[in-house]
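This document starts with one chain, in the form predicted alone, laid out as structure tokens.
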Amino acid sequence: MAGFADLNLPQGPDKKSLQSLLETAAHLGYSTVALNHVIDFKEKKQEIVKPVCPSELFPSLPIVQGTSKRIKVLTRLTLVVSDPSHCNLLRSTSANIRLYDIIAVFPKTEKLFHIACTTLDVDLVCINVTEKLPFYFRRPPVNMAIDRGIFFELLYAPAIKDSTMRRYTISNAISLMQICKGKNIVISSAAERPLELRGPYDIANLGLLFGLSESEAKAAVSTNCRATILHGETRKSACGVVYTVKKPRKVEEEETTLPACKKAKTQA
């Protein structure tokens, strides 16, 4: 069985805060977390930098409660796209993008949501939970994303901070469940402080409030997260594959290599 995972811990500049988040996540029973580096092209021009190796940030990782293993730390890149031109970066062959374990996209419009589901090579599509959605989810792009192995991410930390965000979180989640029928859902925290983290079984109970079944809610913090990670591994390995095609020998070339006597026989 896959362990529990939180695929969205914001990667801030404060190493001490990150260490506290990791220790709390390990204590709550999460075996895998992803440090999320967010780029919003609307704010200012930003470049995609290489991900920082977790071993450089944390010389000693905490041990997961109830096990003898240390918590696994992955790297994640989330691109907030508000214009179709922003998607061109994901279509490029940027070496730095391929270095991240998980690639997520946060589309701001219906058109960008459709593009993310149908054409972009990503692992996660983020769903806005802090405000009312400006569009309705439609079945064709959602089904295509599911067929492509892409997962939809819902966050719960904003719902802890504010009652209005809590209402939007539940409303937007239910709207998505009506279309995807509980398939390919990942629930993450986006917790900036240890107090905003909740245990995996508490999150599974929250999934019931979103309209998930008991098995789907548990999968949203375990097996679906594992599938997202595997999708990222497949994407990374596919980028490095080089295909070679053996060139067929031409008949004319073969004829030129025949001796003159054999040529005469074949012509006769």
Partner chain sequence: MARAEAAAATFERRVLRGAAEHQYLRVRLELPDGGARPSVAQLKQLVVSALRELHGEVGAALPVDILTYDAKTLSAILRVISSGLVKLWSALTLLGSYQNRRCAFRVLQTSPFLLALAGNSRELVLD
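Positions refer to the first chain, counted from 1. Owing to the predicted nature of the structure, the values given are computational and were not obtained by experimental measurement.
The same protein also exists as the form predicted together with the partner chain; that form is not shown, yet it is the one meant from here on.
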In the predicted bound form, does A159 come within 4.5 Å of the partner chain, counting heavy atoms only? yes
Give a yes or no for R70: in the predicted bound form, does one of its heavy atoms lie within 4.5 Å of a heavy atom belonging to the partner chain? no
Just checking whether D121 would be counted as a contact of the partner chain in the predicted bound form - the rule being heavy atoms within 4.5 angstroms. no
Does the partner chain get within 4.5 angstroms of any non-hydrogen atom of V49 in the predicted bound form? no
Region of this chain that lies against the partner chain in the predicted bound form, out of 71-79, 97-105, 192-200, 110-118 [heavy atom, 4.5 Å]: 192-200
Tell me, which of L57, L28, L61, I39 has a heavy atom within 4.5 angstroms of the partner chain in the predicted bound form? L28
Taking heavy atoms and a 4.5 Å limit, what residues of 162-191 are near the partner chain in the predicted bound form? S163, R166, I170
